[in-house]
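Before any questions on how it binds or moves, here is one chain, the form predicted on its own, in C-alpha cells.
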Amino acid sequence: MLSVCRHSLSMQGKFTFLAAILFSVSMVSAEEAKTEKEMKPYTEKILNTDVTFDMVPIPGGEYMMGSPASEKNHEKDEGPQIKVKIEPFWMGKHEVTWNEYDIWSFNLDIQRRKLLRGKFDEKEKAADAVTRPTKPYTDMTFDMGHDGYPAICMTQLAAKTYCKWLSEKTGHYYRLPTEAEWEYACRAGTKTAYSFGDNAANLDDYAWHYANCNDSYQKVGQKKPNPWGLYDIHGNVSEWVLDQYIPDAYKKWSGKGTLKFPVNVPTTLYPRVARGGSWDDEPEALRSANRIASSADWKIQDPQIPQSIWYHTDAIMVGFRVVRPLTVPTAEERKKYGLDPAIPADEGR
C-alpha cells in the first residue's frame, strides 16, 4: 500500500511538474510566439513604470481593400477594390492613451527611474537615446480628460517616434500599421460598411461619434469591440497609419493581382492618412473603408515659429494605435517601406 502511495505521489509530482512547464511555455508564447498558431493576446508592461497596454492577435489572410461603388456613402478614393494579402500581427486592443504616451513625451520613465534609483539596463539606454518631443505650448488634452483617454494632437512623426521608443523600451518591435493592415484589422473578416454590419443606426453600440460624444473624446474601451477584439476601431479618435494619402492609390494598384504589403511610403509632409473616424465625425466617416487626409490646417493655431514637427494643435480628433508584426522586418525592409521613424530634421515642418 505504501509503495502504491509513493507511486501515486511520484506520478502526481510529475504531472504537476509537466503542468508547470506547459504553463510556463503558454505564458511565454503569448509575447514570444514564433508561429501564427502560438499567437495569443498579451499584456505589455512598460519598463520602470506601472503602465500596461494590451495586444490582440490579428490572423493573416486576404481581403478586398476599399469599398464597392454600391456601398452607401462610398467615396471615390476607396476604389476600385484591390485584393491584399496580410501577414499576421498583434494590434493594440485600444488606442494609445495619455498614460502610455506621456511616459515618452515628458520623460516620465527617466524621472521615475532617478527617483527610485531603478536599474539602467541596455533597453533603458537605447530607449533614452530615442528623440523626444519639445514641450507643448499648451495642454494637449484641451481639458477633455487624461487618464484612460486616447492621446491626441501628435503628428505622424511623433506617433512613429513613440513606436521606436516603445520598441527599444520593451524589446519588441512596434510600429504604426499600414493603411492596408488597419482596414483588414478593422473589418475583422467582414465585408460590410462597418465591422458590425451596414446599419449606421447600430453605431452607438460600438463607437463614439458626433451625435453621442458630448463634444469630447471618451475613455477607451467603453463600447463593444469588433469581431477580433479591437475597441474604438470605429470612432473616438481617428488613427494614424504609415501611408502617404494618394487619392487614386487603389486605381494604380488595381489589376496587379494580390498585393503583398502595399504601402505608400510618404515623400511629402502632407497629406498623410488617418483611419477610423472620430468623435467629431458623422457616421459615414467611421466606415471601415473611409480614408482621412491630413493637412497643414491641422496645426494652423500653432504659435511656434517654425511650427512644431511634433504637434498638430488643431487635430484634437487624431490619435493612433500600435501593431507588432509576428515576423520582424529586416533592416532593408524597414528602409524600403519607411517602417522606422524619419530623422526629425529630414521630416520637414
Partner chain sequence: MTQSNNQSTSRRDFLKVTTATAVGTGILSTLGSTAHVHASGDDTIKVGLVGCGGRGTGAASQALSTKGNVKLEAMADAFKDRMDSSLSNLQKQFSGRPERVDVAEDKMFVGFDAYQKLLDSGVDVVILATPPGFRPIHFEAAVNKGVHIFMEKPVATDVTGVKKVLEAAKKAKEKKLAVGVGLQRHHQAPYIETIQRLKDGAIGDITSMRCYWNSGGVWEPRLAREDAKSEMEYQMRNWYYYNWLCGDHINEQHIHNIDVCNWLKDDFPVKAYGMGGRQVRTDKKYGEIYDHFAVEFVYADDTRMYSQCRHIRNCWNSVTEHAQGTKGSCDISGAKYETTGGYKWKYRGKKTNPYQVEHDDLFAAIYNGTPYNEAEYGAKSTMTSILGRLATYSGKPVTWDEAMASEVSLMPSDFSWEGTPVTVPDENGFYPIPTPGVSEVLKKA
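Positions refer to the first chain, counted from 1. Note that the coordinates shown come from a computational prediction; the quantities given were computed from them, not determined experimentally.
Just so it is clear, the following notes concern the form predicted together with its partner chain, a form of the same protein that is not shown.
Contact between P136 and its partner chain in the model of the complex is found at the 4.5 Å heavy atom cutoff. Taking the partner from the other structure, its partner chain in the model of the complex has a heavy atom within 4.5 Å of a heavy atom of H146. Heavy atoms of I246 never reach within 4.5 Å of its partner chain in the model of the complex, leaving it off the interface.
The closest non-hydrogen atom of T190 lies beyond 4.5 Å of its partner chain in the model of the complex. When you look in the model of the complex, the only residue of N202, Q111, T131, T268 with a non-hydrogen atom within 4.5 Å of its partner chain is Q111. Remark: of stretches 39-47, 287-295, 305-313, 66-74, the one touching its partner chain in the model of the complex is 305-313 (heavy atom within 4.5 Å).
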